[in-house]
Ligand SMILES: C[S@@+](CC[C@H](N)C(=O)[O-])C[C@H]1O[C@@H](n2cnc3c(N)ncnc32)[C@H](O)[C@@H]1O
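Next up: a single chain in structure tokens, the form predicted on its own.
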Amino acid sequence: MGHGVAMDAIRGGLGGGPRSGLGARIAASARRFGPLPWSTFMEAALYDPADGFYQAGGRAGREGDFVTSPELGPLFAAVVARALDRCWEELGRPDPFVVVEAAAGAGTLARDVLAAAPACSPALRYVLVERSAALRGAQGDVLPIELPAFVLGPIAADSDPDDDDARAMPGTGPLLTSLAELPAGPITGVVLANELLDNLAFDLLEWRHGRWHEVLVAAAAPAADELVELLVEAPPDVAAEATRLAGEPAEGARIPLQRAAVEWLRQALATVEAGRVIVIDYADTTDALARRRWGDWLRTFRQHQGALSPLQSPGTQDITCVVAWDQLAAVRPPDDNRTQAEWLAEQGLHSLVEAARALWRDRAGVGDLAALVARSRVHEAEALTDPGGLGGHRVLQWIIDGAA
């Protein structure tokens, strides 16, 4: 059975018409085509064009379903702006300098990076990549979004490289545009993905009775919409890959096979001619995940709370997975791998926080807006560097020198 056929059936409303609920459509597809790979189920649950979580309104933010570093306040973006300036200087101040933010959501990080006024601004071409049409639409509420050809010229996916009028003009930045997928490249600059890879669909394996099994998704009964797990012995090549990554773990251990994340990294590296690819996410090795309870690294969220089992009410909750960075390293080992707290410190977080502390000390008695903003920045830094929370993210960097 072709997995693409099953996905088309889900999107087409097989078994209940296009107005059927997502769970009903997934169950109908599983009854007709057989149990679905976990990745097919997850792709539909998060990104179905009609009822997927992100298309139906799921988003980051205090009023959304979960909080990422940019939603805490502008401090994270201010540090990112410093990191972009450092890369721009290392590259010799290229113009244009292209920054591609993958999973840009509604544009919070981009807005605050621009507000930080990085030195690279005159050269900056900022590309927000977001597959959700609803979130792309929201970007225009906070940012001046331009047409891709105007901002990127010949490196935009839909531009004509022979059209001289479409070429990016130097010294006119910052300019911003929005795409549904990574630009074709090549670019000189940075591809940045903050909490993207944990939302890319993966396949799920379980070690049972001395063998690796795939965890598939099936309909509970011939006429029911309930979804259940079904274990089937993994094909030899899949089992061999799982053994290479995690060996032979304890009975019942589970691991993700994150092929979509691996392919994303491959595309990102191919996009950058000179510069960096930066991935920020919860991350660990596959064998470490096999030793953990799988509910600790595969989680659901809705309105800032741990939600239901992933198979319940698909489309109504986020599904997220700790990124297995050793699987990414199969494409190319990262040149740098450290915690978010360490990376923020390297980019100058402490000087920004100390300036805020000094302002708070000076203005606390007045209690004006400047004092409140300074106090908020101190609290924001604490959350960004908390080793049990966002500070425990890994920042993985791949450096492309352009020499080849």
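It should be emphasised that the depicted structure is a prediction, and the values quoted were computed from it without experimental measurement. Don't overthink the numbering: it's just position in the shown sequence, from 1.
Another form exists, predicted in complex with the named molecule; not displayed. Remarks below refer to it.
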- Message: Using a 4.5 Å heavy atom cut-off, which residue among Thr286, Thr177, Asn194, Gln258 comes into contact with the named molecule in the predicted complex?
- Response: Asn194
- Task: Could you check which residue among Asp326, Glu273, Glu71, Asp225 gets a heavy atom within 4.5 Å of the named molecule in the predicted complex?
- Result: Glu71
- Message: Within 4.5 Å, heavy atoms only, one stretch in 47-55, 33-41, 331-339, 347-355 touches the named molecule in the predicted complex. Which?
- Response: 47-55
- Message: Is Arg131 near the named molecule? Define near as a heavy atom within 4.5 Å, in the predicted complex.
- Response: yes
- Message: Residue-level question: is Ala219 within 4.5 Å of the named molecule in the predicted complex, judged on heavy atoms?
- Response: no
- Item | Contact label in the predicted complex: Gly105 to the named molecule, heavy atom within 4.5 Å | yes
- Item | 4.5 angstroms heavy atom contact with the named molecule in the predicted complex for Leu265 | no
